[in-house]
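In structure tokens, one chain follows: the form predicted on its own.
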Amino acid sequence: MPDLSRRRLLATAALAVPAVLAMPHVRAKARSKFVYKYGNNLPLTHPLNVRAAEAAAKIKTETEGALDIRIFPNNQLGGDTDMLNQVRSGALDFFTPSALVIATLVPAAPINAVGFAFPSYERVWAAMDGDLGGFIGEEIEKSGLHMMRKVWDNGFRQLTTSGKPVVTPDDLAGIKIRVPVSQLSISLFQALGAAPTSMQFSEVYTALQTKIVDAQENPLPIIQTAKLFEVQKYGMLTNHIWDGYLFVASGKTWYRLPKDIQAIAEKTLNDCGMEQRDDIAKLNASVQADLEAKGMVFSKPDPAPFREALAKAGFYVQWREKFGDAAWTRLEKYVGKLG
């Protein structure tokens, strides 16, 4: 009897070994799948969506299908304000707002968009990959969102008009110009003597076409992909604001992801963001010629009189007070003294 019991025990143990070895495989197959939505306001042809699609495909592959990011471009989920509300509530998982858009939630976020602050891309990326970008990310985190560390490029914003070119600040007097839903943009153009009107980007083409506004300002690739050249004649290379896309995730859904999936997603989105920066740099080199071929007339105003007008109007003093010394000191570290 003891021998029989011993043989049964050994047989039972032998059967248990393959079951134990199989358990990790069973757990891997049973891993939760996350289907997340990413919304933005740009056409599929824009470099942001091209690289975002690459990132989504790579993330899905590297997580073995555990994270599947579906892209909703071109305001399919509503305007910027709608999508910001959705990402806050967790109804939308990823969003790439301009810092100007997210300012309603994170007041310090648009510090990069102070008028005529950045003279070059070299200074932009030093600041955004350095202390200034880190500070913005920390402030966004406090609001319940999570920001990827690499900011994607929107580009330097340029001015366009339908009636006449702008050479000096005096030429802006009374011009009705569309700006984003941003107090900073409104303040900038008011200080320069224009009559700014905020509206969602999805409304811009029609507003220009029907002459509700006479002018607008956006980076050249946006002017091209949104076909604003059809309703605007003059383009001024003012570089008055550098604008980026902050790749943010809803804190309500981002922190549900396992740590390893978070790491894969963040690294991939950051890597693709760096490639998107290169795309915009190459696009900027050719897009002006394309817009000129479509009938736009370009000029390059001297920025010095515009900075002087802003300083005289108290613009820089006003916004230093609003942003606070912590943000402003980080900005001036990269661009020098303002005002």
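Just count from 1 along the sequence shown to find any residue number. Remember, it's a predicted structure, so these values are computed and weren't measured experimentally.
The protein also exists as the form predicted in complex with a small molecule; that form is not presented, and the subsequent description refers to it.
*Asks:* Counting any non-hydrogen atom inside 4.5 Å, which residue from F189, F201, W125, F229 sits next to the small molecule in the predicted bound form?
*Replies:* Spelling it out, the residue with a heavy atom inside the cut-off is F201.
*Asks:* Looking at G235, G115, P110, P180, which is the one with a non-hydrogen atom within 4.5 Å of the small molecule in the predicted bound form?
*Replies:* Filtering the options by heavy-atom distance leaves P180.
*Asks:* Hey, of 133 to 141, 261 to 269, 218 to 226, 166 to 174, which bit sits against the small molecule in the predicted bound form at 4.5 Å between non-hydrogen atoms?
*Replies:* That would be 218 to 226.
*Asks:* Examine D153 and determine whether its closest non-hydrogen atom to the small molecule in the predicted bound form is within 4.5 angstroms.
*Replies:* Output for D153 is no: heavy atoms all beyond 4.5 Å of the small molecule.
*Asks:* Using 4.5 Å between non-hydrogen atoms, is V248 touching the small molecule in the predicted bound form?
*Replies:* V248: no, not in contact with the small molecule in the predicted bound form.
*Asks:* Quick check on R157: any heavy atom within 4.5 Å of the small molecule in the predicted bound form?
*Replies:* Yes - in the predicted bound form, heavy atoms of R157 and the small molecule come within 4.5 Å of each other.
*Asks:* Residue-level contact is defined here as any heavy atom of the residue lying within 4.5 Å of the small molecule in the predicted bound form; does M83 satisfy this criterion?
*Replies:* Output for M83 is no: heavy atoms all beyond 4.5 Å of the small molecule.
*Asks:* Does the trio L42, V101 and D243 actually contact the small molecule in the predicted bound form, every residue with a heavy atom within 4.5 Å?
*Replies:* Every listed residue reaches the small molecule in the predicted bound form, so yes.
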